[in-house]
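In the form predicted alone, a lone chain appears below as structure tokens.
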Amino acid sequence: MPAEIDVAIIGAGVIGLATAHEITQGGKEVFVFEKNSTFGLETSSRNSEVIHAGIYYPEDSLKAKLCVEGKNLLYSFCDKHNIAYNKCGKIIVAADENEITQLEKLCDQGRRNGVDDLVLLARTELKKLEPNIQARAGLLSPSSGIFDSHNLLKFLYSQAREKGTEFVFDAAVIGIERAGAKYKVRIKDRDGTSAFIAHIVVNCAGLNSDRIAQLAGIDIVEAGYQLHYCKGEYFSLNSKYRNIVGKLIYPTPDQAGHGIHWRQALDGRVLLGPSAHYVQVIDYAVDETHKQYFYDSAKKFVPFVALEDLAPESAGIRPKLQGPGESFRDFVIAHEEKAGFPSLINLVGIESPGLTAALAIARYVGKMMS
């Protein structure tokens, strides 16, 4: 480990990997520090693997702009590097008149965000596309899909390494201190504690990004960077449900997430989820007593689902900036020079659509550094 480096990226989730892949091409000496034993073990690998279109987010928000840009970049990237995907499309379904009104608003929102292929579906049109779905109406998003996020992570990691990025695993950042225009970064690893100087620090620490910002000297309460953990669980369905639905099926969204949706993964498994409930502690256990809730949610639009066909699958945690009942919060991607921290870039609250937007987020950070 050299005494001084150009760029320290903290966190080897998809955002840290994509950022390393992007900026290493500029000839900078880049090190990525990850507290876990390898890359992508948290939010990046515990999600729906959905490529979002850019429908849900307020116009001109980073979430909207980077999702739309990121979706296009991601499909091209997958094509170029043989990463599997299925542009199967998505239908957001309405169960009643109130939800039809919501669909119309979502359609307008998406079009304002540059999603120009959305189609509102009457009941008969919906039935033609998905005969096994029961709903009053739908909003079709043809450019939504699913992809192999694990292979994306592996590819970004291997490419960043090939281009010269150094990865340091099992290395927790325990201190960040201004040293003129640079930063003294302390890490704790298997060999104890050590320190080095970084010209630029990029905080991509996901679930711990608020803590890393605080270590650097940011008042996270005053800055609005304090994170709230929102847990999402998944249940799988019996294999007899394979291929009865071709598209992603989403309910109209709720406050904390996009609602329990139906997804057939690339390997053919049929999955329901994620749910959304706020938690104080990070754990990835699935509560089997939540099966009834998943069943009730799915039965609204797939009435022949049977309770005994559901089984606990997996869980993930979203790093949300908004707490329970609070309104929309955008991604924080901030060069902290104005706050008195030159060459510190914080990425906080990178939840959905962060996976879809990852390549666009990396470009955005790269431009901040140029």
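Worth saying up front: this structure is predicted, and the values here are computed from it rather than measured. The first residue of the shown sequence is 1; numbering continues from there.
Here the subject shifts to the form predicted in complex with a small molecule, a form of this protein not shown in this document.
For the options 343, 322, 61, 36, the residue carrying a heavy atom within 4.5 angstroms of the small molecule in the predicted bound form is 36. A heavy atom within 4.5 Å of the small molecule in the predicted bound form is found for exactly one of 216, 173, 249, 118: 173. For the small molecule in the predicted bound form, the listed stretch (231-239, 189-197, 103-111, 124-132) containing residues with heavy atoms inside 4.5 Å is 231-239.
When contacts are judged by a 4.5 Å heavy atom cut-off, residue 139 does not count as touching the small molecule in the predicted bound form. At least one heavy atom of residue 352 is located within 4.5 Å of the small molecule in the predicted bound form. Interface membership of residue 208, defined by any non-hydrogen atom within 4.5 Å of the small molecule in the predicted bound form, is confirmed.
Proximity of residue 204 to the small molecule in the predicted bound form falls within the 4.5 Å heavy atom cutoff.
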